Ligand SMILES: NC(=O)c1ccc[n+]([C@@H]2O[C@H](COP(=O)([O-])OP(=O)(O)OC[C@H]3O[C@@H](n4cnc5c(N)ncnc54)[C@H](O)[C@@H]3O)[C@@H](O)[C@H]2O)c1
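Heads up, the chain below is alone and in the form predicted on its own; it's given as structure tokens.
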């Protein structure tokens, strides 16, 4: 019988998972290496933005079912939800997974279940985590259960999708898979499919790789359409009217801790076979540089140009800037000698200084829209234009009402669209 759960990692997946288990009657201790996170959670607060999470954490802590700690404690179930970043040479960094295993091993008891949720290269449970846990002197599948159960959520809908989405559970053996399935059935309303660990790991990677390759196709289409002087957005819209076609939308690159990372785990393991996956990743990683080069053409002839960057989270309406394509775009602006200011209504912690909207636009020559926040769809160009030195906008997400912006005096450029009018760089406004 499961009474106590120890969850390692209180990030975008660990904290929501911990709070859901706690509000379903389990005693949960969440372990994190950041003392500030521990303090925040123990007073019922949250350190990440996610709709519905604050209320759930507050209720779980107040009930006495959820608490946070710096050290792993003995428990019936251990869930590992730590980061698995990709290194500069595009290899999986499994340091946090190994460390989690080493932290669990000393307190691992017969009959315990260990579940890895972190997105991992195929074979991680078998080749990496299992040997570390067996340093306890116990054997996986015989003395303790070992399973892989990846999340299938997106930021902004995490709480809902953790409950409603189907889950894939892979076990080191059948009993491990069944034990993990029984655990998650406590709150998962979707179907739970059982398989082995390595298959479950590959399923998770391929779900995100499919999307990455599809986005790479649309990004390549965007560059082709720019050359042909037509709109990639119109091509996608019309092509998707076909009942068996679903082309994703282009953009300035792919970000987040999943789609921009997971395909590299497959390429690392099978470098001579994963050719399409490798090419898709390469195309998507090249898009920030393409945006910068396009922007240089737009700003050609302007002395000491300055750009107002709108949005640095990797997708709209969230505060998550992990692996955001905005960062390499900004690096490219620096290398090109283009000045910039940054505004994002959601992000609070970023590598560069963030400004208010008014500060970002004042004296700018061009708005560079990188993230599709809802707030940006309702910007009023007539008022914004009064703050700027020149009225130019480069929309990489195709979310603005472009005709209204043109009526208000803006020259509009879009990613994936060619043949637009050239800006008259000599019509400089004097800011009063």
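On a predicted model such as this, the values are computed, not experimentally measured, just so you know. Residue numbers count along the first chain shown, from 1.
Omitted here: the form predicted together with the named molecule. The next part is about that form.
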Decide yes or no: are 295, 335 and 395 jointly within 4.5 Å of the named molecule in the model of the complex, with each residue judged by its heavy atoms?
-> no
Close approach of residue 139 to the named molecule in the model of the complex, 4.5 Å, heavy atom = no
Any chance residue 8 has a heavy atom within 4.5 Å of the named molecule in the model of the complex?
-> yes
Quick one: does residue 84 come within 4.5 Å of the named molecule in the model of the complex, counting heavy atoms only?
-> yes
Residue 144 near the named molecule in the model of the complex, any heavy atom under 4.5 Å?
-> no
Looking at 131 to 139, 215 to 223, 352 to 360, 151 to 159, which one sits within 4.5 Å of the named molecule in the model of the complex if you count heavy atoms only?
-> 151 to 159
Exactly one of 347, 327, 249, 103 has a non-hydrogen atom within 4.5 Å of the named molecule in the model of the complex; which residue is it?
-> 103
Heavy atom within 4.5 Å of the named molecule in the model of the complex, from candidates 233, 343, 96, 184, belongs to 96
Members of 12 to 26 lying within 4.5 angstroms of the named molecule, judged by heavy atom, in the model of the complex | 12, 13, 14
